[in-house]
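For reference, the chain that follows is the form predicted on its own, supplied as structure tokens.
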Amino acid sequence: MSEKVLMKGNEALSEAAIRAGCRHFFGYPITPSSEILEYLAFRLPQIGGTFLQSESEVAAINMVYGAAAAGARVMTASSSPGVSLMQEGISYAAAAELPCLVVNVTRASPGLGRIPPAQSDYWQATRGGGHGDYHLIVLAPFSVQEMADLTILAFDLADKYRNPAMILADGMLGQMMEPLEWGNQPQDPPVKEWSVSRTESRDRRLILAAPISDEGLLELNCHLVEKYARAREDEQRWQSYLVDDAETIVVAYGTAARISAEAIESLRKKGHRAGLIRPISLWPFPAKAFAGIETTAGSCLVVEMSSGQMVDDVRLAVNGRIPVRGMGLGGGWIPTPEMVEEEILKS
């Protein structure tokens, strides 16, 4: 039986993590993600879980590494500069093939920035923000409902590919309140035979962040390339809205997609045919969503709450078939539907 409640985005994400079987959280508070820590600090002890406010983000990600190696479903959460401090540990977790969840409720940057919402961490999330050839599985919510649903999915995909996953949200999604519906309880997390935990059937195992031989390191990298190729083929996710007859295709994710959808609905009422492609997986990027768009569309507009980062992936996906241009600005800029309408009409 479903249950409908009114929740803030950060709290919905936190409760979803618990329902997904996460019982361990390590993190350091930073606005606009702090409600995740506050909620889990209250809830996890109630269910026998572990909440620990670490001395820094560097410490937090290494605690996540340890719990993941032991086979636990574990997560951390932060915002922009805090996630930057975690990058070395995230790279280690990817190398050791340790599933875990990192949440970035993005704030305006660069540097320390300010607390308004932004999408300026796209490159960091999708290019592998630390050293080495690796990827995170990156999902971008559009609503409070998806803050919950995609969190559960992120844990499942992290386990499926033995890889860190990330929820890339923004401060507006984290802070807004909306109704959401809880469906059936997820199943218990899978038993991880590869973990270092001792069981009755075997002794503990050793997990390394990198093999100690040149041959072993090359073999690891080849294995990761093959794994990422499978994820790229099988895990592309997107939503198309009014695309079939659209003359202009808008591409946007998260809060920018909500604003763009409102602009498109307004233009449709005025007789202008615009549509929306909303990437849900930022990595792997949903290139399949763009197959055949040139049959109706004459141009593509990428709307971002940054100075323009996802536009590169859209251009690669479109592959020169129609012009692609970007609309974006950093520093906490939030476009209005009227701004997006005006930009669409320039096409």
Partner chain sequence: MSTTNVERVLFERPQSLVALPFPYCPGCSHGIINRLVAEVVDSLGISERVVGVTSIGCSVRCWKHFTYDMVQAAHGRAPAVATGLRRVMPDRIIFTYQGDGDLAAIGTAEALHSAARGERITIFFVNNAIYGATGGQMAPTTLLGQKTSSSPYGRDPVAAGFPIRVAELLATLPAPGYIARVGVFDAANVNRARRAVQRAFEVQMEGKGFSLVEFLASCPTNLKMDPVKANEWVQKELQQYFPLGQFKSPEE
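If you're wondering where the values come from, they're calculated on a predicted model, not measured in any experiment. Numbering follows the first chain given and starts at 1.
Keep in mind that the form predicted together with its partner chain is missing from the display, and what follows is about it.
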Original post:
Tell me, which of 247, 97, 88, 156 has a heavy atom within 4.5 angstroms of its partner chain in the model of the complex?
Top reply: 88
Subject >> Selected contact from 287, 322, 58, 41, since only one has a non-hydrogen atom within 4.5 angstroms of its partner chain in the model of the complex >> reply: 58
**OP:** Specify the contacting stretch among 224-232, 203-211, 265-273, 238-246, defined as having any heavy atom within 4.5 Å of its partner chain in the model of the complex.
**Re:** 203-211
**OP:** Verify the contact flag for residue 114: yes if a non-hydrogen atom of it lies within 4.5 Å of a non-hydrogen atom of its partner chain in the model of the complex, no if not.
**Re:** no
Original post:
Would residue 134 count as a contact of its partner chain in the model of the complex, using a 4.5 angstroms cut-off between non-hydrogen atoms?
Top reply: no
**OP:** Using the partner position in the model of the complex, report whether residue 142 sits within 4.5 Å of its partner chain, counting heavy atoms only.
**Re:** no
**OP:** Tell me, yes or no, whether residue 84 is in contact with its partner chain in the model of the complex, where a contact means a heavy atom of each within 4.5 Å.
**Re:** no
Original post:
Which residues in 63-86 have a heavy atom within 4.5 Å of its partner chain in the model of the complex?
Top reply: 63, 65, 66, 67, 69, 70, 72
